[in-house]
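Just the one chain here, the form predicted on its own, laid out as structure tokens.
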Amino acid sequence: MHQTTLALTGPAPDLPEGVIFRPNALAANEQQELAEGVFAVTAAAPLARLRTKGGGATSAAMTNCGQAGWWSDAKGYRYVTANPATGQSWPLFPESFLRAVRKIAADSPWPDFAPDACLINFYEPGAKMGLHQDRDEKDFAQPIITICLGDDADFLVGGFARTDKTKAFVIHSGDALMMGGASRMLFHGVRKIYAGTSPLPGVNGRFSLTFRRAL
């Protein structure tokens, strides 16, 4: 796999149609409200490293909120309406989550995007996410919105095959990324976390909030 790497302070590269990068999408106070929402969700549905189909464990710890949550175990990848670890429904979206999604989607090609699931990934130093497609949702006409909180990270955007060339750029706390339309099924991932760069009190690491229309 070939990669194009940009400097830590460099701008995002030219991205494929349908990939919309919004640096500084959320102000510091909005980020802090989101972080408080994350802490509320993780108190009700604790973060866990999930088992993969191959028998290993995810590098990032995960949890969910909304009507459905993404899950991985020996049965495979899927969305479930209750937390398999507890048998309880996933926590509701914090209101700060919904405000952030409305703000980011407002002037996009998908202004009425209404997610029913939010996958929360937590990356400690050394954690990463391999190149993958988000393909467990029922309606690929709906976009995916990712909001970043905490440490900076190298984000990768590739092609429609795992071996396609990728572009790498740094994504910071408060940045948002949308993937939809022609780019909905592109491979993407997280290569590196820059430990100690979080501007948010109480957030040591990187939270990724990924909003989807799953059901």
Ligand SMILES: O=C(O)CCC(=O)C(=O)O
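Start at 1 and count along the sequence shown; that's the residue number. What you are looking at is a predicted structure, and each value in this text was computed from that prediction instead of being measured.
The same protein also has a form predicted together with the ligand, omitted here; what follows describes it.
For the marked spot (N64, W71 and K138), a heavy atom within 4.5 Å of the ligand in the predicted bound form is absent from each of the three residues. Stretch-level contact check against the ligand in the predicted bound form with heavy atoms at 4.5 Å: of 50-58, 159-167, 37-45, 183-191, the positive one is 183-191. Within this chain, I104 is remote from the site of the ligand in the predicted bound form, having no heavy atom within 4.5 Å. Contact annotation: T146 falls within 4.5 Å of the ligand in the predicted bound form, judged by heavy atom distances.
Although the partner is absent from this view, L92 stays clear of the ligand in the predicted bound form, with no non-hydrogen atom inside 4.5 angstroms.
With a 4.5 Å cutoff on heavy atoms, R212 counts as touching the ligand in the predicted bound form. Annotation for 131-146: interface residues with the ligand in the predicted bound form are H132, D134, T146 [heavy atom within 4.5 Å].
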